[in-house]
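Below you'll find only one chain, the form predicted alone, shown as C-alpha coordinates.
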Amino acid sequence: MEGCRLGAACDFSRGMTMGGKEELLERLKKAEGHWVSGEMLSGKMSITRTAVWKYICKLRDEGYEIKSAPRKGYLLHRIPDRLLPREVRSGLGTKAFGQGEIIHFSETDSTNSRAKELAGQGIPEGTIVLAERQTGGRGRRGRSWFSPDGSGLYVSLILRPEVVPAEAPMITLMTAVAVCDALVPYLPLPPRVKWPNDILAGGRKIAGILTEISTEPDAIDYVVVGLGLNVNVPARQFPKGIRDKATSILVETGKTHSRAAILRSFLENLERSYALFREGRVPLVLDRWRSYAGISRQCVRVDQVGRVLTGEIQDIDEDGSLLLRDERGHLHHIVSGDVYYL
(Lines give C-alpha, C1' and ligand atoms only; values in the text may rest on other atoms or scores of the structure.)
Protein backbone atom coordinates (compact mmCIF):
# COMPACT_ATOMS: atom_id res chain seq x y z
CA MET A 1 0.00 0.00 0.00
CA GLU A 2 1.26 3.46 -0.93
CA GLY A 3 0.55 4.84 2.55
CA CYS A 4 3.29 2.74 4.08
CA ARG A 5 5.90 4.57 2.04
CA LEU A 6 4.77 8.00 3.17
CA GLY A 7 6.33 8.05 6.64
CA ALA A 8 8.25 6.10 9.23
CA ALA A 9 7.11 2.77 10.64
CA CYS A 10 3.65 2.66 9.11
CA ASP A 11 1.06 0.04 10.05
CA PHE A 12 -1.72 -0.20 7.48
CA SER A 13 -4.84 -2.06 8.56
CA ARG A 14 -7.98 -2.71 6.54
CA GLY A 15 -10.16 -4.21 9.21
CA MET A 16 -10.61 -6.99 11.68
CA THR A 17 -9.40 -9.93 9.62
CA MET A 18 -8.05 -12.03 12.47
CA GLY A 19 -4.69 -13.72 12.00
CA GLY A 20 -2.97 -15.98 14.49
CA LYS A 21 -1.38 -13.13 16.41
CA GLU A 22 -4.68 -11.27 16.73
CA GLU A 23 -6.53 -14.40 17.80
CA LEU A 24 -3.94 -15.14 20.46
CA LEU A 25 -4.17 -11.57 21.78
CA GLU A 26 -7.96 -11.77 21.94
CA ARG A 27 -7.75 -15.00 23.93
CA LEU A 28 -5.34 -13.39 26.40
CA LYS A 29 -7.63 -10.37 26.74
CA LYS A 30 -10.68 -12.53 27.38
CA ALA A 31 -8.79 -14.27 30.19
CA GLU A 32 -9.02 -10.94 32.06
CA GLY A 33 -5.80 -11.14 34.01
CA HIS A 34 -5.72 -14.90 34.46
CA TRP A 35 -3.02 -17.23 33.22
CA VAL A 36 -3.62 -19.12 29.99
CA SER A 37 -1.61 -22.24 29.32
CA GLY A 38 0.42 -22.59 26.18
CA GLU A 39 -1.09 -26.04 25.70
CA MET A 40 -4.62 -24.63 25.75
CA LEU A 41 -3.69 -21.88 23.28
CA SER A 42 -2.01 -24.40 21.02
CA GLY A 43 -5.03 -26.68 21.06
CA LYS A 44 -7.70 -23.99 20.63
CA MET A 45 -5.82 -22.32 17.80
CA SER A 46 -4.63 -25.55 16.15
CA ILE A 47 -1.01 -24.39 16.06
CA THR A 48 2.20 -25.62 17.64
CA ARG A 49 3.54 -24.41 20.98
CA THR A 50 6.46 -22.93 19.03
CA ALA A 51 4.04 -20.87 16.93
CA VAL A 52 2.35 -19.66 20.12
CA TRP A 53 5.72 -18.49 21.44
CA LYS A 54 6.53 -16.68 18.18
CA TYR A 55 3.24 -14.78 18.36
CA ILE A 56 3.95 -13.90 21.98
CA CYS A 57 7.35 -12.50 20.96
CA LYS A 58 5.80 -10.41 18.17
CA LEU A 59 3.21 -8.96 20.54
CA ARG A 60 5.93 -8.11 23.05
CA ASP A 61 7.81 -6.31 20.27
CA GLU A 62 4.69 -4.17 19.77
CA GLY A 63 4.73 -3.16 23.42
CA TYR A 64 2.35 -5.68 25.01
CA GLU A 65 3.59 -6.80 28.42
CA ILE A 66 2.97 -10.55 28.51
CA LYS A 67 4.24 -12.56 31.45
CA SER A 68 5.25 -16.20 31.02
CA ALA A 69 5.87 -18.89 33.63
CA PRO A 70 6.41 -22.67 33.61
CA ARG A 71 3.24 -24.68 34.27
CA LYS A 72 1.18 -21.46 34.18
CA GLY A 73 1.51 -20.27 30.61
CA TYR A 74 0.93 -16.63 29.65
CA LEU A 75 -0.72 -13.60 31.22
CA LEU A 76 -1.46 -10.28 29.54
CA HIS A 77 -0.16 -7.77 32.09
CA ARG A 78 -0.42 -4.47 30.24
CA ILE A 79 -1.69 -3.17 26.92
CA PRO A 80 0.60 -0.48 25.45
CA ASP A 81 -0.67 3.08 25.25
CA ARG A 82 -0.15 3.15 21.51
CA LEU A 83 -2.77 3.92 18.89
CA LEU A 84 -2.48 0.53 17.23
CA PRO A 85 -5.37 -0.14 14.82
CA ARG A 86 -6.50 -3.23 16.73
CA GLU A 87 -6.68 -1.23 19.99
CA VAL A 88 -8.56 1.62 18.34
CA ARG A 89 -11.15 -0.80 17.00
CA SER A 90 -11.48 -2.76 20.24
CA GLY A 91 -14.83 -1.68 21.66
CA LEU A 92 -15.32 1.01 19.00
CA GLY A 93 -19.05 1.73 18.61
CA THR A 94 -19.12 3.17 15.11
CA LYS A 95 -20.62 1.90 11.87
CA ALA A 96 -18.00 3.39 9.53
CA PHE A 97 -15.31 5.55 11.12
CA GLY A 98 -12.46 3.30 12.20
CA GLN A 99 -14.08 0.15 10.86
CA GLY A 100 -12.28 0.34 7.53
CA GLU A 101 -8.77 1.48 6.79
CA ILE A 102 -6.52 2.76 9.58
CA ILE A 103 -2.99 3.91 8.81
CA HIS A 104 -0.75 4.19 11.85
CA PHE A 105 2.65 5.87 11.87
CA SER A 106 5.16 5.71 14.66
CA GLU A 107 6.33 9.05 13.30
CA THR A 108 5.39 11.28 10.40
CA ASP A 109 5.58 14.97 9.60
CA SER A 110 1.82 15.63 9.59
CA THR A 111 -1.16 13.28 9.59
CA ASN A 112 -3.09 15.84 7.56
CA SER A 113 -0.41 15.85 4.89
CA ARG A 114 -0.46 12.06 4.71
CA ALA A 115 -4.26 11.98 4.63
CA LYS A 116 -4.39 14.54 1.82
CA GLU A 117 -2.01 12.46 -0.29
CA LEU A 118 -4.13 9.37 0.28
CA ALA A 119 -7.39 11.23 -0.37
CA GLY A 120 -5.98 12.44 -3.68
CA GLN A 121 -5.39 8.79 -4.60
CA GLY A 122 -9.08 8.05 -4.07
CA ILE A 123 -8.92 6.28 -0.72
CA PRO A 124 -12.46 5.95 0.70
CA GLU A 125 -14.33 8.06 3.20
CA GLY A 126 -13.78 7.11 6.81
CA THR A 127 -10.09 6.31 6.39
CA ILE A 128 -8.10 7.29 9.47
CA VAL A 129 -4.46 8.37 9.66
CA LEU A 130 -2.79 8.26 13.09
CA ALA A 131 0.67 9.07 14.40
CA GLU A 132 2.40 8.58 17.72
CA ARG A 133 4.52 11.64 16.96
CA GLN A 134 4.50 14.45 14.41
CA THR A 135 7.63 16.28 13.36
CA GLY A 136 5.69 18.95 11.47
CA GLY A 137 2.24 19.08 13.01
CA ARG A 138 0.25 21.93 11.49
CA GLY A 139 -2.44 24.31 12.62
CA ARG A 140 -4.26 27.16 10.91
CA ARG A 141 -2.31 29.80 9.01
CA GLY A 142 0.86 27.72 8.96
CA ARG A 143 1.19 27.52 12.73
CA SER A 144 2.86 24.46 14.24
CA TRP A 145 1.29 21.95 16.63
CA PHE A 146 3.43 20.56 19.43
CA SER A 147 3.27 16.78 18.96
CA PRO A 148 5.43 14.86 21.47
CA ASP A 149 5.76 11.11 21.18
CA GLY A 150 2.99 9.01 22.75
CA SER A 151 1.35 11.90 24.62
CA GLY A 152 -1.42 13.15 22.40
CA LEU A 153 -3.89 12.35 19.68
CA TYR A 154 -2.68 13.27 16.21
CA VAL A 155 -5.38 11.99 13.91
CA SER A 156 -6.80 12.86 10.50
CA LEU A 157 -9.99 11.56 8.95
CA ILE A 158 -10.95 11.56 5.26
CA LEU A 159 -14.52 12.63 4.46
CA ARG A 160 -16.31 12.89 1.13
CA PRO A 161 -19.57 14.73 1.88
CA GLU A 162 -21.98 15.37 -0.99
CA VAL A 163 -22.39 19.07 -0.27
CA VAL A 164 -21.47 22.33 -1.97
CA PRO A 165 -18.22 24.05 -0.89
CA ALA A 166 -20.16 26.83 0.87
CA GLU A 167 -21.32 24.29 3.46
CA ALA A 168 -17.80 23.10 4.28
CA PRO A 169 -17.16 25.45 7.26
CA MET A 170 -19.81 23.54 9.19
CA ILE A 171 -17.48 20.52 9.20
CA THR A 172 -15.09 22.31 11.56
CA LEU A 173 -17.97 23.21 13.88
CA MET A 174 -19.38 19.67 13.94
CA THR A 175 -15.88 18.36 14.68
CA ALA A 176 -15.54 20.81 17.57
CA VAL A 177 -18.81 19.52 19.01
CA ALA A 178 -17.55 15.93 18.73
CA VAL A 179 -14.29 16.81 20.49
CA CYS A 180 -16.11 18.54 23.34
CA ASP A 181 -18.59 15.70 23.72
CA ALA A 182 -15.69 13.26 23.93
CA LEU A 183 -13.84 15.37 26.52
CA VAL A 184 -16.73 15.98 28.93
CA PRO A 185 -16.28 12.69 30.86
CA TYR A 186 -12.55 13.32 31.28
CA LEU A 187 -12.44 16.93 32.49
CA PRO A 188 -13.52 18.43 35.83
CA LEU A 189 -15.30 21.26 34.01
CA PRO A 190 -16.92 21.23 30.55
CA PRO A 191 -14.59 22.23 27.71
CA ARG A 192 -15.22 25.40 25.75
CA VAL A 193 -15.00 25.92 22.03
CA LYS A 194 -13.36 29.04 20.67
CA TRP A 195 -14.35 29.95 17.13
CA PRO A 196 -13.39 28.66 14.72
CA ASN A 197 -11.25 25.67 15.66
CA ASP A 198 -9.83 25.75 19.21
CA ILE A 199 -10.97 23.72 22.22
CA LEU A 200 -10.20 25.15 25.66
CA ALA A 201 -10.01 23.62 29.12
CA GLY A 202 -9.57 25.89 32.10
CA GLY A 203 -9.14 28.80 29.69
CA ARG A 204 -6.16 27.19 27.93
CA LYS A 205 -5.90 25.40 24.63
CA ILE A 206 -6.23 21.64 24.86
CA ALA A 207 -7.05 20.80 21.23
CA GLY A 208 -7.04 22.26 17.75
CA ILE A 209 -8.81 21.31 14.54
CA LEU A 210 -7.39 21.71 11.04
CA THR A 211 -9.88 21.24 8.20
CA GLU A 212 -8.47 21.11 4.67
CA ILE A 213 -10.67 20.86 1.60
CA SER A 214 -10.24 19.90 -2.05
CA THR A 215 -13.06 21.25 -4.19
CA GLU A 216 -14.39 21.19 -7.71
CA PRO A 217 -16.39 24.15 -9.10
CA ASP A 218 -19.67 23.00 -7.54
CA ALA A 219 -18.78 20.12 -5.25
CA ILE A 220 -16.34 18.90 -2.63
CA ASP A 221 -13.87 16.24 -3.70
CA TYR A 222 -12.70 15.46 -0.18
CA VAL A 223 -12.27 16.96 3.27
CA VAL A 224 -9.45 16.07 5.66
CA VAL A 225 -10.33 16.76 9.29
CA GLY A 226 -7.27 16.85 11.52
CA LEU A 227 -7.29 16.85 15.32
CA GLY A 228 -4.45 17.55 17.69
CA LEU A 229 -5.41 16.83 21.30
CA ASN A 230 -3.10 17.04 24.31
CA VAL A 231 -3.82 13.98 26.43
CA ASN A 232 -0.91 12.94 28.66
CA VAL A 233 1.43 15.89 28.11
CA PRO A 234 2.97 17.13 31.42
CA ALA A 235 2.94 20.89 31.93
CA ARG A 236 6.75 21.03 32.01
CA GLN A 237 6.94 19.39 28.57
CA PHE A 238 5.19 22.22 26.73
CA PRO A 239 7.63 24.66 25.11
CA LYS A 240 8.09 27.86 27.10
CA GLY A 241 6.41 29.92 24.40
CA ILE A 242 3.06 28.14 24.86
CA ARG A 243 3.32 26.82 28.43
CA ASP A 244 0.93 29.43 29.83
CA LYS A 245 -1.51 28.97 26.95
CA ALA A 246 -1.63 25.19 26.54
CA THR A 247 -2.96 22.42 28.72
CA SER A 248 -3.68 18.70 28.58
CA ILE A 249 -6.08 16.22 30.16
CA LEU A 250 -3.21 15.16 32.41
CA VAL A 251 -2.64 18.74 33.58
CA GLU A 252 -6.35 19.30 34.21
CA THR A 253 -6.94 16.05 36.10
CA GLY A 254 -3.58 14.97 37.49
CA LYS A 255 -4.08 11.54 35.89
CA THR A 256 -2.99 9.78 32.73
CA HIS A 257 -5.66 8.43 30.42
CA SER A 258 -5.99 5.90 27.62
CA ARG A 259 -5.48 7.68 24.32
CA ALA A 260 -7.21 4.85 22.45
CA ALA A 261 -10.32 5.18 24.64
CA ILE A 262 -10.48 8.93 24.04
CA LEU A 263 -10.00 8.42 20.31
CA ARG A 264 -12.83 5.89 20.24
CA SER A 265 -15.12 8.37 21.99
CA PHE A 266 -14.16 11.11 19.54
CA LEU A 267 -14.84 8.90 16.51
CA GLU A 268 -18.22 7.82 17.90
CA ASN A 269 -19.27 11.40 18.57
CA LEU A 270 -17.94 12.62 15.22
CA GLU A 271 -19.90 9.95 13.35
CA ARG A 272 -23.07 11.13 15.08
CA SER A 273 -22.39 14.80 14.31
CA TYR A 274 -21.50 13.95 10.71
CA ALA A 275 -24.77 12.06 10.29
CA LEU A 276 -26.72 15.13 11.44
CA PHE A 277 -24.73 17.30 9.02
CA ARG A 278 -25.37 15.00 6.06
CA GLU A 279 -29.07 14.74 6.93
CA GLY A 280 -29.37 18.54 6.83
CA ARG A 281 -30.02 18.81 10.57
CA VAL A 282 -27.49 21.60 10.96
CA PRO A 283 -29.48 23.57 13.59
CA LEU A 284 -29.01 20.68 16.04
CA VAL A 285 -25.25 20.82 15.53
CA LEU A 286 -25.19 24.60 15.88
CA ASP A 287 -27.20 24.51 19.10
CA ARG A 288 -24.73 22.03 20.55
CA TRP A 289 -21.83 24.21 19.40
CA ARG A 290 -23.39 27.28 21.03
CA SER A 291 -23.73 25.42 24.32
CA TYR A 292 -19.97 24.84 24.36
CA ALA A 293 -19.05 28.29 23.06
CA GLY A 294 -21.10 30.60 25.26
CA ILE A 295 -20.08 33.45 22.99
CA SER A 296 -23.23 35.53 22.66
CA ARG A 297 -22.65 39.21 23.53
CA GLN A 298 -18.95 38.73 24.21
CA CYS A 299 -16.64 41.58 23.23
CA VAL A 300 -13.80 40.44 20.99
CA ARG A 301 -11.09 41.53 18.61
CA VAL A 302 -10.86 39.63 15.33
CA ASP A 303 -7.56 39.76 13.46
CA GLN A 304 -7.98 39.15 9.74
CA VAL A 305 -5.62 39.49 6.82
CA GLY A 306 -5.50 43.21 6.13
CA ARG A 307 -7.85 44.40 8.88
CA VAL A 308 -8.78 44.20 12.55
CA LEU A 309 -12.37 44.26 13.79
CA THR A 310 -13.62 44.82 17.33
CA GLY A 311 -17.15 44.42 18.52
CA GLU A 312 -19.71 42.17 20.14
CA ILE A 313 -20.43 38.64 19.04
CA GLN A 314 -24.09 38.22 18.11
CA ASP A 315 -24.25 34.58 17.10
CA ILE A 316 -22.99 31.93 14.72
CA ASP A 317 -24.62 31.79 11.28
CA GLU A 318 -25.95 28.62 9.62
CA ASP A 319 -22.94 28.58 7.29
CA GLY A 320 -20.56 28.56 10.28
CA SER A 321 -19.53 32.20 10.01
CA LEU A 322 -19.24 34.42 13.06
CA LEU A 323 -21.70 37.31 13.34
CA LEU A 324 -20.01 40.37 14.83
CA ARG A 325 -21.54 43.81 15.41
CA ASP A 326 -18.91 46.54 15.50
CA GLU A 327 -18.90 49.81 17.45
CA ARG A 328 -20.79 51.54 14.65
CA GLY A 329 -23.55 48.95 14.67
CA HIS A 330 -22.52 47.26 11.43
CA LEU A 331 -22.99 43.49 11.28
CA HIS A 332 -20.08 41.48 9.86
CA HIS A 333 -20.15 37.89 8.65
CA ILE A 334 -16.66 36.61 9.47
CA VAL A 335 -15.55 33.40 7.77
CA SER A 336 -11.92 33.43 8.93
CA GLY A 337 -9.75 35.16 11.48
CA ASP A 338 -8.23 34.92 14.96
CA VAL A 339 -10.53 35.78 17.83
CA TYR A 340 -9.28 37.38 21.05
CA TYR A 341 -11.64 37.94 23.97
CA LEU A 342 -11.57 41.47 25.44
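Sequential numbering from 1, following the sequence displayed. Given the structure is predicted, the values throughout are model-derived calculations rather than measurements.
The form predicted together with a small molecule is left out here; the points below concern that form.
Enquirer: Within 4.5 angstroms, counting heavy atoms, which one of the listed stretches 224 to 232, 176 to 184, 119 to 127, 256 to 264 is next to the small molecule in the model of the complex?
Expert: Heavy atoms within 4.5 Å of the small molecule in the model of the complex occur in 224 to 232.
Enquirer: Is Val193 part of the interface with the small molecule in the model of the complex - any heavy atom within 4.5 Å?
Expert: Judged by the heavy-atom cut-off of 4.5 Å, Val193 is well away from the small molecule in the model of the complex.
Enquirer: Although the small molecule is absent from this view, report whether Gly98 comes within 4.5 Å of it in the model of the complex, heavy atoms only.
Expert: No - in the model of the complex, heavy atoms of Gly98 and the small molecule never come within 4.5 Å of each other.
Enquirer: State yes or no: in the model of the complex, is some non-hydrogen atom of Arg86 no more than 4.5 angstroms from a non-hydrogen atom of the small molecule?
Expert: Contact check for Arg86: no, nothing within 4.5 Å of the small molecule in the model of the complex.
Enquirer: So, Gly208 and the small molecule: in the model of the complex, are they within 4.5 Å at any heavy atom pair?
Expert: Taking the distances in the model of the complex, the answer for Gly208 is yes, it comes within 4.5 Å of the small molecule.
Enquirer: Which one of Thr247, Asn197, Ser151, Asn269 is close to the small molecule in the model of the complex, taking close to mean a heavy atom within 4.5 Å?
Expert: Only one listed residue qualifies here, and that residue is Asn197.
Enquirer: I need to confirm a contact call. Of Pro161, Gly139, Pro169, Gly202, which residue comes within 4.5 Å of the small molecule in the model of the complex, counting heavy atoms only?
Expert: Comparing distances to the small molecule in the model of the complex, the residue within 4.5 Å is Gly139.
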